[in-house]
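One chain comes next, on its own, written out as structure tokens in the form predicted alone.
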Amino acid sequence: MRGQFPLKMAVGATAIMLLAAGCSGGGDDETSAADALVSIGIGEPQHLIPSNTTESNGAEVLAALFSPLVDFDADNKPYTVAAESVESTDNKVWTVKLKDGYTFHNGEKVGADNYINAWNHAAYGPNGNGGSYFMERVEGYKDLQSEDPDGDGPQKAPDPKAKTLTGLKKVDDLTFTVTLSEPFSGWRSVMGYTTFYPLPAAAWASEGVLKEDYEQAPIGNGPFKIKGTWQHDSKIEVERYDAYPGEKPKVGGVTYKIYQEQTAQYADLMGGALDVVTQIPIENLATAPADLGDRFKTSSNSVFQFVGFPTFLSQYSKVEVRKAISMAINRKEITDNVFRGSQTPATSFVSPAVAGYRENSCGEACTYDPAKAKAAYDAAGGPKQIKITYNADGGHKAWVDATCNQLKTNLGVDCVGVGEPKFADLLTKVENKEDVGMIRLGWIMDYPLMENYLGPLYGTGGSSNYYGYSNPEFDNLVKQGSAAPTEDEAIKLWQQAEDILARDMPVIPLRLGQNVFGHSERVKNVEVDKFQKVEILKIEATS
């Protein structure tokens, strides 16, 4: 899942402390803590429709509003949440039985139709959902897609052959089957992703057509319900949904405060106007341990940071140029000096968080060798100017500037970093194929399989393949791995696919991340998971 980060000035610290702790002077402390309001910093989401939310800010909010069919334990193994069971005898036909008692926040009972209708909408090509790709394995998906035969744009594309997936069948009110076009042993894990949340009947304007304003106040089936509407560039408020049948929240509500700069988040944390910062800014890494004491925390995550080469830009069409730029970057110097050791150099295309990870699978192309890089770059006729565009709301300026300085020195080029105010703005420009130069991107796994770092990012038509990379040999190996009967057999094929990435270098692996976060004295039991999301059911107020 694509990731990153946004401006809210601090108000009076005393007032915020009383509000966040749910205190009113006197009363039972336990009751006050259970009803407390806490705040978490995020960036402006791009969307809040589950099937169209493929970045971390929106996913953070949706994780409070929705309950997934499955979630993952400490060993990355799926366990059921809203599902009673998810079973298959052949890895192709999967039977999903839902737990009885789940309701949407408007009181509607959650049933099989809510999943089937939502997934059909997600898969239908003309709807333009960013998460449509994750429905690709379901039988009938191709018939829901359509392309403009003249290449003049989607507005001229004919209607698809079908509007619903043949692979989705209702058995009864709480049971449905999912038939895949080919067996996939990892399908149970895939269904834990955001795209697979259900939608209520109230979400639809007509059959298959969502209400235009649905994402301004999403109605979910999760532990919290939205309070009011999405206040763009300001906040999103959610409150405890008392009819939720699963594990109960330990606080009364959460305010997701939207920021345009991570440093502003940290300033609010220190000033008493914010409770949780999920990513300590680069500028504050040196002082944060002393600032926060035991409220400065780290934990493992699945973040993979990289820059991509848009294939629609001719200056990056040669693999020799791409490899030379990669070899001219001193990853260790940047992780040591800029990130103060909080991140580690990436020499592979997947994270150690998933089975199948191999250190140094990128090989020579990810080995720092400035002399060899310069010779190769000159021989290949690399561009005289390099531009790296990043989202300014994610705190990337320092490392992008450091990278540009290295490229200037080692390749003799002019290099400039260009900041887009919001991550959503950057994605929009890339989707429109504007010349943004090299693209700063990051990936957090959607589900804990090696394949999740391959198909969405590099597969032809992949949901987050913004650089337009396409290699049929790669696509075929990923597909074969997905159809393998065992995970071990799948990993062998996926590793072969990763080897092709090392050969073609559509992106430059840069860093592997970890969660470096902090919280106020008003909250406790703050944990950030491998998906870089706050464990929303664990957080508590101190009083």
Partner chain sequence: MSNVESVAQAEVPGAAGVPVSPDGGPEKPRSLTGDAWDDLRRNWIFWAAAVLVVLVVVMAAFPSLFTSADPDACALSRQHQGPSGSAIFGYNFQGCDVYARTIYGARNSVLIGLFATIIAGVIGLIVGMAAGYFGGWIDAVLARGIDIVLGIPTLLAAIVLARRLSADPQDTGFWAVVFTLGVLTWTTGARIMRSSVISAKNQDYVAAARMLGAGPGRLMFRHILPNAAAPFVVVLTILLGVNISTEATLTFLGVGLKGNAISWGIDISTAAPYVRETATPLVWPSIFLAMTVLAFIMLGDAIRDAFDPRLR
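Numbering follows the first chain given and starts at 1. Definition used throughout: the rigid core is the maximal C-alpha set that superposes within 1.5 Å between two forms. Quantities reported herein were computed from a predicted structural model and do not represent experimental measurements.
Quick note: we don't show the form predicted together with its partner chain, though the next part is all about it.
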(request) Work out which of the listed stretches, 417-425, 223-231, 355-363, 250-258, brings a heavy atom within 4.5 angstroms of its partner chain in the model of the complex. (result) 417-425
(request) Could you spot which one of Gln216, Ser299, Asn405, Ser317 gets a heavy atom to within 4.5 Å of its partner chain in the model of the complex? (result) Asn405
(request) Taking 4.5 Å between heavy atoms as the contact cutoff, choose which of Glu84, Asp369, Asp401, Glu473 touches its partner chain in the model of the complex. (result) Asp401
(message) Given that its partner chain is not shown alongside this chain, does Glu431 nevertheless sit within 4.5 Å of it in the model of the complex, heavy atom to heavy atom?
(response) no
(message) With the partner left out here, check for me: in the model of the complex, does some heavy atom of Thr460 sit within 4.5 Å of its partner chain?
(response) no
(message) So in the model of the complex, is its partner chain close enough to Asp143 to count as touching (4.5 Å, heavy atoms)?
(response) no
(message) Even though the partner isn't displayed, in the model of the complex is Asp291 close enough to its partner chain, meaning a heavy atom within 4.5 Å?
(response) yes
(message) Suppose contact means a heavy atom within 4.5 Å; in the model of the complex, does that hold for all of Gln305, Ala328 and Ala375 with its partner chain?
(response) no
(request) Taking only heavy atoms into account, state which residues of 328-354 are within 4.5 Å of its partner chain in the model of the complex, ordered by sequence. (result) Glu333, Ile334, Asn337, Val338, Arg340
(request) For Arg137, state whether the C-alpha moves by 2 Å or more between this form and the one not shown after rigid core superposition. (result) no
(request) Answer yes if the CA of Thr89 moves 2 Å or more between this form and the one not shown after aligning the rigid core, and no otherwise. (result) no
